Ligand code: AMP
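Only one chain is included here, represented as C-alpha cells and corresponding to the form predicted alone.
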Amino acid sequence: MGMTQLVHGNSELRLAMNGLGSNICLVPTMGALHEGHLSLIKACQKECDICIVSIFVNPTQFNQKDDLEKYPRQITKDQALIQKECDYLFLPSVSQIYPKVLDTNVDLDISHLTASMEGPNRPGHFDGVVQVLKRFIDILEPDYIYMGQKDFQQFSIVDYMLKKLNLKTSLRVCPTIREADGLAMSSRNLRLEPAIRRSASIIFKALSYAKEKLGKVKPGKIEAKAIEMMSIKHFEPEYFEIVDGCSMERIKDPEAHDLIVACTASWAGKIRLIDNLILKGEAELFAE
C-alpha cells in the first residue's frame, strides 16, 4: 500500500485502475470521516486488490436544503486521515455524478421498504441513495460496496437494489463503531453542542433496554418505554421501532421472526441522529 492517490474525474480513475487487479471495492462516504469509516476501509483491504473511498455529499438524498448546506465538509482533514489507508480517494463533482445529458433516475420500487422509520420522515431520501450508488456502480464497476450497520434501513434497501437489478456488485456490512459511551460514530456528531453530546448516550441505553426486554415484554410496550427514556432535555425522539430485519415491518411476536432490529431516530438539539441494534439473529450481509 503506497500513498493514497487523489482522483477527481471518472475517466481518470478508470484509467488509473486499468490492469491493477480484479477485485475492486468501494467505500462510499459523504466525508467528515471517523473511526467508523476507517473500520470499513480496513475490512475492505482484506478482501480487495483495489480499495476506493469516495467522498461525495449527495444532494439528491437530502430532503432539507438547510441540512445539505450545513453537512460537515473537511476534505483536508479527511485526506490526512486516510492517507496510505486506501488506494484511491475519489472526489467527483455533482456534474460528473449527475450530468445534465444523462437521466440518472433508477426505475425501482422501494416503497415496501420505506413505509416506516426513515421513509416517512425523509421523503425521497432513499431514492437519492439508490440513485447515487447506481451511478457509482456504473462508473467504477466495483465488485463490493462496504457500508456500516448504523444505517440499517439504508443498507437493506441498497442490497435490495443490487439483487433486484441483477448487478454484479455485492454488499458487505460492517458493525457500528461506537464512542466509549455507546453513541454511534457519525459525521453529524461534530455538530452536537457539548452539553447535548454528554447526554447522547441515552440513545444506546434505550436500544440496549430493548435488547434486554425482547421476549419478556411486548414489543409495543418496549417501544413506548424506549421513547420515554429518550425524552430527556434537548432530545426529541422521532421514532423507536422494533422491526423485522428483512421486511422493515414492525413485529408483534418475536418468535415469528429470525432477524429483529430496533431502529431509532432522535433530534439532539438541532441535529438528527439515527441508530439501531440487532435484538435477535444475525444479518447475513455482515463482513467477516
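Bear in mind the structure is a predicted one, so any value in this text is a computation, not a measurement. A residue's number is simply how far along the shown sequence it sits, counting from 1.
The form predicted together with the named molecule is left out here; the points below concern that form.
Although the partner is absent here, residue 36 lies within 4.5 Å of the named molecule in the model of the complex, judged by heavy atoms. Shown alone here, residue 150 lies within 4.5 Å of the named molecule in the model of the complex, counting heavy atoms only. The closest non-hydrogen atom of residue 254 lies beyond 4.5 Å of the named molecule in the model of the complex. At least one heavy atom of residue 40 is located within 4.5 Å of the named molecule in the model of the complex. At a distance of at most 4.5 angstroms from the named molecule in the model of the complex, none of the three residues 121, 201 and 240 contributes a non-hydrogen atom. Checking 182, 215, 92, 175 for any heavy atom within 4.5 Å of the named molecule in the model of the complex turns up a single hit: 175. Note on contacts: among 71, 98, 144, 209, the single residue with a heavy atom within 4.5 Å of the named molecule in the model of the complex is 71. Per the 4.5 Å heavy atom criterion, the named molecule in the model of the complex is contacted by stretch 22-30, the sole one of 231-239, 215-223, 256-264, 22-30. Contacts between stretch 250-274 and the named molecule, counted in the model of the complex as any heavy atom lying within 4.5 Å, involve no residue at all.
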